[in-house]
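As a starting point, one isolated chain is supplied in structure tokens, in the form predicted alone.
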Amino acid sequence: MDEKRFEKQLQFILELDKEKNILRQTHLSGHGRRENDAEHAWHMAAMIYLLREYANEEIDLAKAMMMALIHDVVEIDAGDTYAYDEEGLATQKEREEKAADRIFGLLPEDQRDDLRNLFEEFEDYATPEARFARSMDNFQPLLLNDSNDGGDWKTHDVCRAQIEKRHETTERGSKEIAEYAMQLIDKHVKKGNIVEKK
């Protein structure tokens, strides 16, 4: 065993554990507590496996699932940026790039480069795996919001245009899931859980 390499791997593994402390705005189904980043990533990875038949293109399942598992690791340093927080979104990329440098930098060089490249691929929609994983990243909180009768949308006074803008990219990974997402949005506008216009 290369002890120096092993130590770096363990350091990264323990750093990943901090994702469990990063709370998101989305609540668990059934009006539960706020979910954390690790739960979101796990849920996305499971969705990628279960819903892969709806991907627009063939995907490498392990690669797409690994993207899901590491895509928010940067939030350990950068914090969670709520999807509809315009101020936070303005600085998100810069904060997350700095965090990626530090966090992936904990790993041995080969693994650092592999995971950093996966992270960048996800961010850039560069491959079928990235496009489908990004679709799941959009769809997962929408499903939870639907299960909670639109509670988080109501709390944050979110309007249709904001949600539709976020879901413009969903169809790049799955046209079928994007269509279903639009049906859910329509349902919650009719119920008054999503504001039609601000």
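Quick caveat, the model's predicted, so the values are computed rather than measured. Residues carry their position along the shown sequence, with the first being 1.
Quick note: we don't show the form predicted in complex with another copy of the chain, though the next part is all about it.
J.: Indicate whether another copy of the chain has at least one heavy atom within 4.5 Å of a heavy atom of E171 in the predicted complex.
T.: So E171 does not count as contacting another copy of the chain.
J.: Hey, in the predicted complex, does W153 get a heavy atom within 4.5 angstroms of another copy of the chain?
T.: So W153 does not count as contacting another copy of the chain.
J.: A161 near another copy of the chain in the predicted complex, any heavy atom under 4.5 Å?
T.: No, A161 is distant from the partner.
J.: Given that another copy of the chain is not shown alongside this chain, does E196 nevertheless sit within 4.5 Å of it in the predicted complex, heavy atom to heavy atom?
T.: Because no heavy atom of E196 falls inside 4.5 Å of another copy of the chain in the predicted complex, the answer is no.
J.: Scan 25 to 61 and note down the residues that get a heavy atom within 4.5 Å of another copy of the chain in the predicted complex; none is a fine answer too.
T.: Result: L28, S29, R33, E35, N36, A38, E39, A41, W42, H43, A45, A46, M47, Y49, L50, L51, E53, Y54, L61.
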